[in-house]
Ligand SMILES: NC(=O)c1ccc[n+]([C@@H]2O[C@H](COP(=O)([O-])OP(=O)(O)OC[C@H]3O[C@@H](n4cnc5c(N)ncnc54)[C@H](O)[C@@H]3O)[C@@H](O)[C@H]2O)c1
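So this first bit is one chain, no partners, the form predicted alone, shown in structure tokens.
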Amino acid sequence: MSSVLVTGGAGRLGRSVVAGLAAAGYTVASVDRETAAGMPAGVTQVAADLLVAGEARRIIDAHRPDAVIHLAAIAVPFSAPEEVILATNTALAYAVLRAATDAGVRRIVTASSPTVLGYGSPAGWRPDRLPLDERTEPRPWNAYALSKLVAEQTARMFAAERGGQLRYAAFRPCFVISPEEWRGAPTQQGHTVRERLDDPSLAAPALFNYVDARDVAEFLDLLLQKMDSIPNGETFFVGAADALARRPLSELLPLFVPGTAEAAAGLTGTSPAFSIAKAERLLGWVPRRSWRTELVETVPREEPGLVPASPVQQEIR
């Protein structure tokens, strides 16, 4: 049995990651500013501010985990001043990865975001090809997206320094949907899943991407098992195998993202805008959940008029 320390374990994604890893047999410590109710039995919760100098190293030394998964961050773009988001998220990533590296933690993983690619930019954005994948050039246009790209580069920096000893990886989870949100609780943007399906303009700013939080936990379980056998410092997209849309993206994307008709032509049927082929190829991971299997009602409803939407700047993942 391996031990894992998860920062941000009390958050929307963190709770499912902690629960999933605990169910898979890991000994889990969750570190967050506050503890969360309803954690599985046996999970250790630590309330701490990881921005305090030396705190990350103190906690890691106390728990001596085999792996660290870093999720802690300001999780919503524009939810704080841009300089605060950039300073907070980059400082957290450096502090946690530095502490884990110095402590000799064997496997170190940091969360990033698909927003690093720059979709939704007010100046316009047009992809070279679809679906998007890890080869797509990052073009962050806000502090949140930039901070996540810095987190990826921080992992690569330490991989370059300690690559022969320690293993690093980053992952970009799509728009996270937690279990209660399938039952009608609001998603991170305040809409329900059904509302996002019924009104395509709500999911369009995220290019209709999504992922079940439990599938992310299963991805991380596989990643931790296989980090020794894959190239060091890899980054992975982690998303559902379909789009959060009732109609093909070949029809929807050109309505909301000007100039994408040609690139989106191949996104027929249920194809998503983000490829997860790398995670399947290197790790053997495939998501097991879809809105078609998790949402109780999946009968298509009449959609409102499809009026092209302006970019929603507070959309995440």
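Everything numeric in this text was worked out from a predicted model, so none of it was measured. Residue positions are given as counts along the sequence shown, with the first one as 1.
Omitted from view is the form predicted together with the ligand, to which the following refers.
- Think of it this way: in the predicted complex, the ligand has a heavy atom of just one of Leu282, Leu255, Met39, Ala48 within 4.5 Å, and the residue is Ala48.
- This chain lacks the partner; the member of Ala100, Leu220, Leu207, Ala72 within 4.5 angstroms of the ligand in the predicted complex by a non-hydrogen atom is Ala72.
- Taken together, Pro127, Leu202 and Pro248 are entirely out of contact with the ligand in the predicted complex: none brings a heavy atom within 4.5 Å.
- Although the partner is absent here, Gln188 sits close enough that one of its heavy atoms falls within 4.5 Å of the ligand in the predicted complex.
- Contact between Tyr144 and the ligand in the predicted complex is found at the 4.5 Å heavy atom cutoff.
- In the predicted complex, at least one heavy atom of Val176 sits within 4.5 Å of the ligand.
- Residue contact with the ligand in the predicted complex: Gly20 places no heavy atom within 4.5 Å of it.
- Residues within 4.5 angstroms of the ligand in the predicted complex, judged by any non-hydrogen atom, belong to 113 to 121 and to none of the other stretches in 113 to 121, 227 to 235, 129 to 137, 155 to 163.
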